[in-house]
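Shown next as structure tokens: one chain only, the form predicted alone.
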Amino acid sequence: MSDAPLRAVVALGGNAISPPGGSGSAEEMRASLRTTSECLAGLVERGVGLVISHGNGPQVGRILLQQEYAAEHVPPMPMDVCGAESQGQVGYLLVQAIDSALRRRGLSTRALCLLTQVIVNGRDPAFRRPTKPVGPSYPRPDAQRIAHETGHVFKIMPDKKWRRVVPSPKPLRFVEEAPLLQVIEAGHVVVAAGGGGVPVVEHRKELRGVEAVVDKDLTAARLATLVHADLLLILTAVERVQVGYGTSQARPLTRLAVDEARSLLAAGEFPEGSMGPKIEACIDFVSAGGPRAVIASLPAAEEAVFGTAGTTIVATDG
């Protein structure tokens, strides 16, 4: 039996970074991340090697809103640059909080953030059908005006307001794969591919950012495959995945085989805008040879890593 430490890729949901409905201030994020970092440092203390990715939806939304208000005075940045800004913003606060938690425990492991570009296919069908909402909501007249001025695509949301939508292509690989692996092998806690990574296309050895957002959970699955993780851990607001969610027949799931997870996904049990991408990411990782994937809540992270909490997805339910 190998004595190598357990390696986990942890995908943090937005609730781990900033509370729902909050102001999004730096002080608010620091308070949330202090709790998050204590959970993560506890795993490091137990010998788990961590690679961490995170969401950035609210942060990018605020960056876009700030740009809108300042557009008359400061040139707005394209979507890929805004994504990179959010990676730096969240990554800085996250590694600072984790590093402080590690120091409080007397651990020598350090945390660092790597700005990550993810290569996508410029011919991905997603570019013909933008679906990912970004930025603030608008009444229809304002959305029409902005669309006319900028060429952005808007769609109506369930709240009857309009939001800009951008393509969400599949992640293929990372530009920084070699240095990323070197840092991880050195034993550090690495924050990478925040917000799904900055999407870029490659043409004749040139990289170019694109107006798109890559799903953070699908990117986390690619990251977990790259680093040969023992576990993909997706932390969200629920303790376990449920079938029949929101109905009187709701039932939590403790363990799923990949085939069963695929069937439930195809049957519409996991909506595209919530649990669907998380289940898809788990399927991708396990299908690529990953031992197991777990979806769990942040407070149960430690128990989920060691097999006593969350919903576990494996190759076969044997």
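Start at 1 with the first residue shown and count on from there. Remember, it's a predicted structure, so these values are computed and weren't measured experimentally.
The discussion below concerns the form predicted together with another copy of the chain, not included here.
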Using a 4.5 Å heavy atom cut-off, which of 27 to 35, 257 to 265, 284 to 292, 271 to 279 contacts another copy of the chain in the predicted complex? 27 to 35
Out of Val165, Leu226, Ala126, Leu112, which one falls within 4.5 Å of another copy of the chain in the predicted complex, going by heavy atoms? Leu112
Students should find that, of Val238, Val175, Ile146, Val153, the residue having a non-hydrogen atom no more than 4.5 angstroms from another copy of the chain in the predicted complex is Val175
In the predicted complex, does each residue in the set Asp80, Ala186 and Val198 place a non-hydrogen atom within 4.5 angstroms of another copy of the chain? yes
How about Glu85 - does it come within 4.5 Å of another copy of the chain in the predicted complex, if we only consider non-hydrogen atoms? yes
Taking any heavy atom pair closer than or equal to 4.5 Å as contact, tell me whether Pro179 reaches another copy of the chain in the predicted complex. yes
With the cut-off set at 4.5 Å between non-hydrogen atoms, does Gly135 touch another copy of the chain in the predicted complex? no
Hey, in the predicted complex, is Leu65 touching another copy of the chain, heavy atoms inside 4.5 Å? yes
